[in-house]
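This document opens with one chain alone, in structure tokens, the form predicted alone.
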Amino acid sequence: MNVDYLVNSLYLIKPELAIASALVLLVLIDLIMGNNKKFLPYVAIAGLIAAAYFIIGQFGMNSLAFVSKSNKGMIIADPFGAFFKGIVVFASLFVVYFSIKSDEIKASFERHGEYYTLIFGMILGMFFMISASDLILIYISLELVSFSSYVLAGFTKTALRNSEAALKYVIYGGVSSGIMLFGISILYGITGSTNLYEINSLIQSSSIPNLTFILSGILIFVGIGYKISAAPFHFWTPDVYEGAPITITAFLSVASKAAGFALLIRFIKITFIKSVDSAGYWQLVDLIDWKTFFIFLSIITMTLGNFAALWQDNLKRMLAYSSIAHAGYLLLGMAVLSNQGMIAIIIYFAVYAITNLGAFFVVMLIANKIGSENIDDYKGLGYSQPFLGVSLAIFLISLTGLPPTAGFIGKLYLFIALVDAKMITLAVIALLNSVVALYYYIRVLKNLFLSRPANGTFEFKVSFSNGLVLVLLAAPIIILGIYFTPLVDLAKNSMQILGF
């Protein structure tokens, strides 16, 4: 390996290097400063800003890093990866701010060094998940994300539910990880390669045992499905979302899901594609019927998520099932197997990221003051705290997909992709699921604005900085619901996956 080759490869992973450097710096500052932890979040923010700067440069790249003798790289730098890394950094910046304001995290002040280090460990793993084109790197990066998130889920030891959440997360994660590794070993045994580009060439040019290949593909999907909370691999989600600190719940619901969907799209499009026709539809290798698989998976995921959310009294748990349902909606875009479907996923995810972060931030601010996440305890809060009430209403209406919010635009583009693909029945099922979702979101709004408080009103002030962050999250939801051309243009520019 010559020096120029190594330097060029390192140049293509500058965002990852920025995050790794910030991680090391966080560890060193924590060791040197001892009990003085106040600089840690600012170091974290500086590291994220540096990574964001390098990510912007990757929107103009289409290159492979760490290329093998067969000219197949392990890491890809392209606009598609840059978009999803941008989502991760965006979510991380807000989560760091949430952590500064969270009473749960403040209570564990002496362990803030470990907290921010683990968050950056997750970010680094997510970056490699998004860019990886080799099954071994995919598995290692997924494990890096998982190990960090196991600890963070049980970070606050004061409540029994935190430890329970972490234990369940470890058990489910370990099982899904083992199943995925078994699938990777089968695929390697069939093809003799772990590089996705090489596997694509091999399955097109030689005969592959059909049943064995299907088994390996499904087993690998188990690991990805666990990460995106798709049914039936979703069982960890409600318990972990409810039991983990709100900051980590918000992080898992946005950043981890973004990395999982980026990995899924890249895995399907690079490994199985033969060509893209003039209308933008993907022609896949006829070994696994991915279209039928994704249709079935999206229906059970969004239906289970929405109907399970109907019975929840804890708002975090309700948002967990809502997150599962949204994974189902996103899988609709995968079921289309087209460029239009991928554009719809990117638009939907950009909106979902802003909306979910906003919803969890309001839940955290209220939990800081009233010490509860129970929906019945929100009665009358819309009157005593109109700013928080209206903000939460905007986020929930957007999650429902109603105009004039950006959530409507996200679902609109998904339905357009389905109708263009003549998948009308699936569009109707998704629409009916949105009606079900409306019920449990409206239930929260009813408690906020139409119910009297049982124990008197809660009087507290929202600080200027918290109010500003809420405005920064709520304003794009309204603006993009009315003027969404920049978002659509960003999606079209971000759909380029290297080689296709």
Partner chain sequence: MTQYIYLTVLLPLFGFLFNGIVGGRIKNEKIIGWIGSGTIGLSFLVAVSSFFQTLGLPAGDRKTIVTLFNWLHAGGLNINVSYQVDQLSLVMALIVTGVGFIIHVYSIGYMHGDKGFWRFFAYMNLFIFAMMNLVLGDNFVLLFLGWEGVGLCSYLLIGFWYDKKFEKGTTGDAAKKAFIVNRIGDFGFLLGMFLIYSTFGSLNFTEVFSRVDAYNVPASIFNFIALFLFVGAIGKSAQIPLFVWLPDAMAGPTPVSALIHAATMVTAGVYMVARCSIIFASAPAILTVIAIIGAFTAIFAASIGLVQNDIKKVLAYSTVSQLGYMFLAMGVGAFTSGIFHVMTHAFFKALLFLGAGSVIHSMHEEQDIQNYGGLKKYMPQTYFTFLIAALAISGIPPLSGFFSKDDILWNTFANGHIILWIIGAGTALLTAFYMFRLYFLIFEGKERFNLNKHPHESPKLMTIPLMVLAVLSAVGGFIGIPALFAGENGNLFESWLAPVFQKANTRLMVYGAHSGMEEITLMSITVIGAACAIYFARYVYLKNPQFALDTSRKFKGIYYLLLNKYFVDEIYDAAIVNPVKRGSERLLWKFTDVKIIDGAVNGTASLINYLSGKIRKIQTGVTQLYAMVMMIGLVIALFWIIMSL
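Positions refer to the first chain, counted from 1. Model, not experiment: these values are computed from the prediction.
The protein also exists as the form predicted together with its partner chain; that form is not presented, and the subsequent description refers to it.
Though the partner is left out of this view, Ser275 does not reach within 4.5 Å of its partner chain in the predicted complex, counting heavy atoms only. In the predicted complex, its partner chain lies within 4.5 Å of some heavy atom of Leu219.
Its partner chain in the predicted complex comes within 4.5 Å of no heavy atom belonging to Tyr11.
Within this chain, Phe233 lines the site of its partner chain in the predicted complex, having a heavy atom no more than 4.5 Å away. Ile214 is the sole member of Ile375, Ile100, Ile214, Ile370 with a non-hydrogen atom lying within 4.5 angstroms of its partner chain in the predicted complex.
Put simply, of Phe307, Phe267, Tyr281, Phe90 only one has a heavy atom within 4.5 Å of its partner chain in the predicted complex, and it is Phe307.
Stretch 174-182 is the answer when you ask which of 126-134, 174-182, 351-359, 195-203 has residues with heavy atoms within 4.5 Å of its partner chain in the predicted complex. Across the proposed site, Asn35, Lys37 and Gly113 without exception lack any heavy atom within 4.5 Å of its partner chain in the predicted complex. Interface residues of 272-296, taken as those with a heavy atom within 4.5 Å of its partner chain in the predicted complex (partner not displayed): Leu287, Ile288, Thr292, Phe293, Phe296, in sequence order.
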